[in-house]
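There is one chain below, alone, in structure tokens, taken in the form predicted alone.
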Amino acid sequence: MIGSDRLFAKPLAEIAGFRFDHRVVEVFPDMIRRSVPGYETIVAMTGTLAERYAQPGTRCYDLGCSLGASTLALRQGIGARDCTIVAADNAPAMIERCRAVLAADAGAAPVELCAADIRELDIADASVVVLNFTLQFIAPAERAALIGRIRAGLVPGGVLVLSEKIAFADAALDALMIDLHHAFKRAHGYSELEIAQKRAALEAVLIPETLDVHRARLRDAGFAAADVWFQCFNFASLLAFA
């Protein structure tokens, strides 16, 4: 049963860095639906992209799988073709719940669920790799190495789906997009206190970058082309081609 996200509803004497623990797991579907504009569209279209790009005899990766929403979308898009999905997350509470979610799904594609740090996970024979709101939680200095390893593990014709909260080089535009994001949260029932406290909890652990930085990193890693296929306010998803 999905709980309602009230984790930041009461004043906190001290706001610690955001952690994907059991408390977050209990409310995660509600939290992300009310916090990330376009999340449901991105997840659904991840399945559509898998339907087009997943190649028989390869692997599809969901890196930072959380409760498995993108994994299920991959499974639906792949259908009965010969592909294995590798779903990985380093949060034990997420993996524990994700295992139950996958067990209740009747999809045909086999799923290897890994409790692992994706910076150390072997990526090979991949036709589709999904990073849905995961790279933003990795230290910026370590992001290029991960993107490089993903590129090296993709087969010809493979793709990377990279979804992120983004920043804007123009300070006024960045402030506007943050304000619009907060308006989205208010429209979905979050109070000013909840918005402020969650923002404080995320500041040290979620570090957004501009689209230009993402594009440059993908180009430097050897991707042939990369650009945005979806954006809503300061959330965007890019498609990068091996």
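Start at 1 and count along the sequence shown; that's the residue number. Please read all numbers here as calculations on a predicted model, not as lab measurements.
Form predicted in complex with a small molecule: not shown, discussed below.
Quiz item: Okay, which stretch from 130 to 138, 104 to 112, 77 to 85, 151 to 159 lines the small molecule in the model of the complex, with non-hydrogen atoms inside 4.5 Å?
Solution: It is the stretch 130 to 138.
Practice problem: Using heavy atoms and a 4.5 Å cut-off, decide whether Glu209, Val213 and Ala236 all contact the small molecule in the model of the complex. | Solution: No, none of Glu209, Val213 and Ala236 comes within 4.5 Å of the small molecule in the model of the complex.
Self-check item: Any non-hydrogen atom of Ile178 within 4.5 angstroms of the small molecule in the model of the complex
Solution: Close contact is absent here: in the model of the complex, Ile178 is far from the small molecule, nothing within 4.5 Å, heavy atoms only.
Quiz item: Taking the shortest heavy atom distance, is Cys65 within 4.5 Å of the small molecule in the model of the complex?
Solution: Yes - in the model of the complex, heavy atoms of Cys65 and the small molecule come within 4.5 Å of each other.
Quiz item: Applying a 4.5 Å heavy atom distance criterion, does Phe20 contact the small molecule in the model of the complex?
Solution: Within the cut-off, so yes.
Quiz item: Hey, in the model of the complex, is Glu96 touching the small molecule, heavy atoms inside 4.5 Å?
Solution: No, no contact at 4.5 Å.
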